[in-house]
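Shown next as structure tokens: one chain only, the form predicted alone.
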């Protein structure tokens, strides 16, 4: 049986980030993935690198991770585009909330500024008439997550990681993990399987949240920033069975990526015409010209959601040598690199750069 210093189960953006960092730290690493690399929740992500201010712990993790993403700013495979994030207010009450958001972001080291309506339309002429204003976070960016996951796995491989692709981990053992071909691997295990986490760690609750995405043909110059409504966080982190929010992203290819929808309690991957229509109507209300564009592809995916909205990052207290990094929902891409650093620092017994306590899996077992 092969022995390793870390066996990473799952090759999404979080798992590959952890594997790549572990290799850089000199660990002997194996990666096990039953499906396509970056083909799970990573493929259902918009790739927005964003600081959300509604939870202090996640804001700290996001801010920390955003700094680590600068390493990939000039990497062609990442399709890194520093388009900035423009939050849009339709109502006076939303616009009034901007000052407090700017203050919370500033306290975490994220610079944002208030945008009056006239500047809003200079920045994005395609926005619907009558919007109240907004908030610009100029340094934020977008990436293409599946290609980043492939790149990170490639770096891990170059550093000596063993990759067992097409293999499924069917159970944890006392000293490692059992695979579906009857073989076993020996060593500490990191479970980074997103929605599938309970298959290996059933005591850690996880809900799957389905989402739809649409990408258009190429229309360069129609949208310039990542655009979101200021009420986006209420949808993204709420508990409603279904919700939609305005979220439109310009891709470096000239295509426009349109989101977002969220549904609990739906298991099939089929596109829901009703949910798709609801999501698009929300986008059309903010950017009417989107109605004129030709969609190239519509797809769905599932994002892993924990009971309190924060990911599990850390040791599984009830199992020796078992770690977890899963449940990032809509912030998995933003926080992947920070998650990897937070986890590996804990594994190596070093003091993490941010407080790990809010993310420890033990909170779900109390």
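Residue numbers count along the first chain shown, from 1. What you are looking at is a predicted structure, and each value in this text was computed from that prediction instead of being measured.
Below, we turn to the form predicted in complex with a small molecule, even though it does not appear here.
- Using a 4.5 Å cut-off to the small molecule in the predicted complex, each of 34, 48 and 332 places a heavy atom inside that distance.
- Exactly one of the stretches 74 to 82, 192 to 200, 289 to 297, 107 to 115 approaches the small molecule in the predicted complex with heavy atoms within 4.5 Å, and it is 192 to 200.
- In terms of contact with the small molecule in the predicted complex, the residue from 218, 168, 207, 147 that brings a heavy atom within 4.5 Å is 168.
- Although the partner is absent here, residue 41 sits close enough that one of its heavy atoms falls within 4.5 Å of the small molecule in the predicted complex.
- Residue 314 falls outside the set of residues with a heavy atom inside 4.5 Å of the small molecule in the predicted complex.
- At a distance threshold of 4.5 angstroms between non-hydrogen atoms, residue 323 is out of contact with the small molecule in the predicted complex.
- Although the partner is absent here, residue 304 lies within 4.5 Å of the small molecule in the predicted complex, judged by heavy atoms.
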